[in-house]
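Quick heads-up: it's one chain on its own, the form predicted alone, in C-alpha cells.
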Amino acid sequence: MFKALVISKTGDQQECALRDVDEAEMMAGDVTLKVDYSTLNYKDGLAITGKAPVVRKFPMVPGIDGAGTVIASSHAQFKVGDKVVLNGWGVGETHWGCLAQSARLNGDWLIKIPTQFNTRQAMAIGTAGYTAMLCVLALEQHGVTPDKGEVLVTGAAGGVGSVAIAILAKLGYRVVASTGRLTESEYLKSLGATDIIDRATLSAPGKPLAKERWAGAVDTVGSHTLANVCAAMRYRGTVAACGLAGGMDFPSSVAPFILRGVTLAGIESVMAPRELRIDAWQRLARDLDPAKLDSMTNEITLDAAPGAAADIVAGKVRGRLVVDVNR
C-alpha cells in the first residue's frame, strides 16, 4: 500500500482526494519507482481542479513529473538504485502519475538525473524548467545570441518564466520580464531580469506591426500577448511559444513573419524525443544556477497539493512548487 492523490469522476462531478492505494491497482510498466518528489505545473493544476479536460481516464493519479529511485526494472537501461526523472509522456493524463509514493512507468519515458542534481532539485526544475530550457535551445538554434538585443520573457513569475530568466541571464542575455504581479519585481531581478514591464502593455489587442524591440522571446501566455510580442520582434528575431495561460487563440497577422522574417518556434515538451530531453537536462546542469533554483522553489506536502493546484491555475504561485510525496 502507498499514499496517492486520486482523481475520480461521477457524472459531471470530479474530485481529488488523498487515499491509500494497493500496488495491485497500478497500471502496467517495466520500471517501478519509489517517488521522492513530484511537483505542480500549470497542467497539473488544470487536471486536479478540472478546469480543463486534461485527464482522459478515471480514476487517475495526477502528476506529470516525478523523480525518485528505481526499485524494480525489467528495462535494459535501468537498474535498481538508479535515480531517474520523468517529464510528460501523457503521465497524469492517460497513465497514473507521480503525485504518489510509488509509480509504475514505461522505462522509455525516463532519463537518468544528471549527477549535478538530486531528486528534489530535479523536481524544482520539473516540466516547467525543462520546457524553459527547450525554449532557450530554440532561441540559440535560430541565431538569437546575447549581442543581438533584449530577450522578453512573459508570464515571468511562473515556473517556466522564472527558470527561463535565470538561464538566459547566466548565458549573458539582457532579459526583460513581463508580469501581472509587479510586486514580484525584486524577485525577478534577483533571477537576472534587467527590466520589468506590466503584462497589461501586451495583453490588449494591438497592431500587426509595432516598433522593433525584442531579439528573442519566451512566451508562456499566448493570445494577444503572443501576437503583440511577434509584432515587436526585431528583424529575423525568434519567439519560443510554449504556453496558453492567456488563451489558445492567436489574433495576429502574417506581417511580422513576411516583413521581418520573424520565426515563431513552437515548443512541445510532452512527447519530445529522448535525445532532446537528455540534451536539455545536460544543459540545465550546466546553465542553471542551483542557488537561483533554490530561491524560486517552495516545498509542500502531498495533502496540500489540491489547494496549491487551485492557486497555480489562479496565477497566485511564484516560481516552482516541489511536492514531498512522503510527508
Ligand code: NDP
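Source: prediction; values computed, not measured. Residue indices: 1-based, along the sequence shown.
The same protein has a further form, the form predicted together with this ligand, not shown here; the description that follows concerns it.
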Whether residue 312 contacts this ligand in the predicted complex should be assessed with a 4.5 Å heavy atom distance threshold; does it? yes
Is the gap between residue 37 and this ligand in the predicted complex 4.5 Å or less for some heavy atom pair? no
Residue contact check: residue 73 to this ligand in the predicted complex, 4.5 Å heavy atom: no
Residue 281 within 4.5 Å of this ligand in the predicted complex, heavy atoms: no
Looking in the predicted complex, is this ligand within 4.5 angstroms of a heavy atom from every one of 41, 178 and 246? yes
Since exactly one of 98, 123, 156, 229 fits, which has a heavy atom within 4.5 Å of this ligand in the predicted complex? 156
Among 221, 110, 152, 168, which has at least one heavy atom within 4.5 Å of this ligand in the predicted complex? 221
Counting only non-hydrogen atoms, which stretch in 29 to 37, 268 to 276, 255 to 263, 285 to 293 is within 4.5 Å of this ligand in the predicted complex? 268 to 276
Within 112 to 131, the residues that have a heavy atom no more than 4.5 Å from this ligand in the predicted complex: 127, 128, 131
